[in-house]
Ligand SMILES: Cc1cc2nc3c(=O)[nH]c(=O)nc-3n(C[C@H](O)[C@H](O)[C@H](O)COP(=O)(O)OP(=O)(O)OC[C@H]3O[C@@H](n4cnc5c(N)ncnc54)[C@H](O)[C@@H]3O)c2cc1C
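Just the one chain here, the form predicted on its own, laid out as structure tokens.
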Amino acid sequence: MEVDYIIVGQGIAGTMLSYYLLQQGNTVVVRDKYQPNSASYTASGIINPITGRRFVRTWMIESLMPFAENAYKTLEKELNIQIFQQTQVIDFHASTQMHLAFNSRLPEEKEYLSISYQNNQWNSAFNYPFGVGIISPVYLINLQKLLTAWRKKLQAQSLLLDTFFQLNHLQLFPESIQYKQIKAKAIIFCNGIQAAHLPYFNKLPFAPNKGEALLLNIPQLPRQFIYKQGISLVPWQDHLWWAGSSYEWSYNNHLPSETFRTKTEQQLQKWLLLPFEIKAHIAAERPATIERRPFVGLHPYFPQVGILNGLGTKGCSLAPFFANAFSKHLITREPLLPEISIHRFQKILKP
């Protein structure tokens, strides 16, 4: 079997890259062993234009948000699913300092930040002694529905191999690669933190972290918003709520921890005035990077091997834009942004 590209991984990065490559008339095979606890399947799906405790704009958000909106709405039509929702974050300030920080950013971020003139409307649902602000627009992507629908489409066209990648079966030739019985121009790794263990990319400055969330039943809470006070309450599939997330930089395993569950449950009991029930506890390892910029491109010394990875917590916003850019680069050699090209690590990637 011969194709243009083999893609390893069908999280949000592999999904978007395979989509754009197929749109451009390329042939692809996606190799991905289904793992429901992967980072993409357990992510909240939020695209938030404002980030951090200082309420600053997310990097490149002016370009990323409109591109993502168009991409997800196009996929909705193509796959006949509903995955895109425009919403707001109701930000209940956790302290006087956070209240002051939010208000200090209002004059500069009128496009995304505003204050609520009905501060009492959430009194029956939340405890918030330090006030409330609004972040809008915010997008919410149903990642689980998208990944499942795209996987089914790939399977229907015999373009998906539901197996683990095995490095010992990969052979590199001057202008092609061979993986088992499949020959291709290049193989591209979109397999999250697993790429950090490959000999081609193990020198890249990955900064993996562990994230956890609780899945809750809160029947009395209106589902048209995202609510935040340290943790976020995000409308989830099956009428549940996603409550999280943590950012653990030192951990012994990728499993849900009793420490997170206890801490989050105690925080919810102080903040949320409505009854809730914990239905599940999920955890995953995120492929973040030290620079907080993704790794995109063909290896400077092994150009038959590529990567689209390191999206961290911003996968929903970064994946469409940079998968499209990478697909164009592969076909036309259109330059990648220096901030994301792995050629910025040419020295450390030298064999």
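In this text, all values refer to a predicted model and were calculated from it rather than measured experimentally. Residue numbers here begin at 1 and follow the sequence given.
The form predicted together with the ligand exists for this protein as well; it is not shown, and the discussion that follows is about that form.
Heavy atoms within 4.5 Å of the ligand in the predicted bound form: which of the stretches 106-114, 273-281, 248-256, 209-217 has them? Looking at the partner contacts, the answer comes out as 209-217.
Contact test, all of 296, 304 and 327, partner the ligand in the predicted bound form, heavy atom 4.5 Å: Spot residues vs the ligand: no contact at all.
With the cut-off set at 4.5 Å between non-hydrogen atoms, does residue 88 touch the ligand in the predicted bound form? Contact check for residue 88: no, nothing within 4.5 Å of the ligand in the predicted bound form.
Would residue 54 count as touching the ligand in the predicted bound form under a 4.5 Å heavy atom rule? Residue-level check for residue 54: no, no contact with the ligand.
Can you tell me whether residue 12 touches the ligand? I mean in the predicted bound form, with a 4.5 angstroms heavy atom cut-off. Result yes; residue 12 sits at the interface with the ligand in the predicted bound form.
Taking the ligand as it sits in the predicted bound form, is residue 49 in contact with it (heavy atom to heavy atom, 4.5 Å or less)? Although the ligand is absent here, residue 49 would stay clear of it in the predicted bound form, with no heavy atoms inside 4.5 Å.
In sequence order, which positions of 138-177 have a non-hydrogen atom within 4.5 Å of the ligand in the predicted bound form? Residues within 4.5 Å: 163, 164, 165.
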